[in-house]
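One chain comes next, on its own, written out as structure tokens in the form predicted on its own.
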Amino acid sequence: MIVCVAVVGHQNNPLYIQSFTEADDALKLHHIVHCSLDVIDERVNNPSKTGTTLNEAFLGLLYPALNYKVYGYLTNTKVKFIMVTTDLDVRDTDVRSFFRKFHAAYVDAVSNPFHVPGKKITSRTFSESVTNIVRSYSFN
């Protein structure tokens, strides 16, 4: 089950974060998302060590936490998408498909002429589409 998704700007500023669990876990999930930014920076700045090519947007499993797995995706504008899931056996093809749909929803949201680039995404339509995407991806 996907418990948290986040969009982080190219300067590591949070643009959007949504948790799909109780309020008690929200702070812990925000911390996990924040910690994953270091892993993403390391993979982007040292691609030879991780085996990830720079032209590939999907970063794969960033790191496993105690009860969570954290996956990452990097756009060509250096915007980062992060997904935290409780499922331990997730196929990369499913995660790639999720990130493609998430990226398409993001593009739709920032293409709005009233959206200010680099500012938090407050669109209700974007939030609803993200919720629908997350609900459609039950990895179990």
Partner chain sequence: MVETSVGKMLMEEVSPVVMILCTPLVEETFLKNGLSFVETLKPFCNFSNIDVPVRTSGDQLYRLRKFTLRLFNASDIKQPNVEVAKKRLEHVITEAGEKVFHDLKSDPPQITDILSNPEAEIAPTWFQYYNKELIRTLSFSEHEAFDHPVACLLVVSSKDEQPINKFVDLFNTNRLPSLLNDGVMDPKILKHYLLVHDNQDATTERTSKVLSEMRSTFGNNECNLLCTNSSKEGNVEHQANPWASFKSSVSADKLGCALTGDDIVEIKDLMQEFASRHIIPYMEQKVRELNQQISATRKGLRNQIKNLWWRKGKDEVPDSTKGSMYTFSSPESQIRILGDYAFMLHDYELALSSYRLISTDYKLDKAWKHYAGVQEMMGLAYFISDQSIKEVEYCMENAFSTYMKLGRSGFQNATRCGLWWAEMLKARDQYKEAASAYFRICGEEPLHAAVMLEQASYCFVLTKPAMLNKYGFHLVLSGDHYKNCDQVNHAIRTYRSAISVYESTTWSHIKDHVHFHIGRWYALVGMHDVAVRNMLKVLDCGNQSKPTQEIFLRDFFDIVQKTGMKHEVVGLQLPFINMSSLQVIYEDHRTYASLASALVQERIWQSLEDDIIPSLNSGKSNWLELQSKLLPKKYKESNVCVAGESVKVDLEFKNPLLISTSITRVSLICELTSNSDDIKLVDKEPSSLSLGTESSAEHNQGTTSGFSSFTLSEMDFTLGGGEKKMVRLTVTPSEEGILKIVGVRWGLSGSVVGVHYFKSVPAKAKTNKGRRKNKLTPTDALKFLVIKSLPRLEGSIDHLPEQLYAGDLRYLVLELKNKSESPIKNLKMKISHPRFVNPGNHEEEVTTEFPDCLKKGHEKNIVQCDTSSIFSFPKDVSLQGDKSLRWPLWLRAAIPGTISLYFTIYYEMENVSSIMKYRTLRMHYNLKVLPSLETSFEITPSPSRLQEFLVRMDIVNRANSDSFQIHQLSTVGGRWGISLLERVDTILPFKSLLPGQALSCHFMIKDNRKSGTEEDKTMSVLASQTDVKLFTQDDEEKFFDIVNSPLASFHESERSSQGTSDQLSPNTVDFILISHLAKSSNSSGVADVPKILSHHSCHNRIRSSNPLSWSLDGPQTLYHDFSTPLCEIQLKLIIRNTSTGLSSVSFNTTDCLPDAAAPTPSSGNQSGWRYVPDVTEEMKLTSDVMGSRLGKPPSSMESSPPFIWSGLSSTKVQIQPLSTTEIPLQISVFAPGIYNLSSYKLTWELSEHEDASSTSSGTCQGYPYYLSVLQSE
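Residue numbers count along the first chain shown, from 1. From a predicted model like this one, the values you see are computed outputs, not experimental measurements.
If you look for the form predicted together with the partner chain, you will not find it shown, but the lines that follow are about it.
Inset, instruction - Using heavy atoms only and a 4.5 Å cut-off, determine which of Glu56, Asp38, Asp92, Asp108 is in contact with the partner chain in the model of the complex. - result: After the contact test, the surviving option is Asp38.
Legend entry - Contact residue in the model of the complex, chosen from Lys78, Arg96, His103, His30 - any heavy atom within 4.5 Å of the partner chain: In short, His30.
Inset, instruction - Heavy atoms, 4.5 Å, the partner chain in the model of the complex: which of 70-78, 83-91, 108-116, 22-30 makes the cut? Say which one. - result: Correct option: 22-30.
Legend entry - Contact flag, Val5 vs the partner chain in the model of the complex, heavy atom cut 4.5 Å: No - in the model of the complex, heavy atoms of Val5 and the partner chain never come within 4.5 Å of each other.
Inset, instruction - Examine Thr122 and determine whether its closest non-hydrogen atom to the partner chain in the model of the complex is within 4.5 angstroms. - result: Contact check for Thr122: no, nothing within 4.5 Å of the partner chain in the model of the complex.
Legend entry - Residue contact check: Asn12 to the partner chain in the model of the complex, 4.5 Å heavy atom: Flag for Asn12 set to yes.
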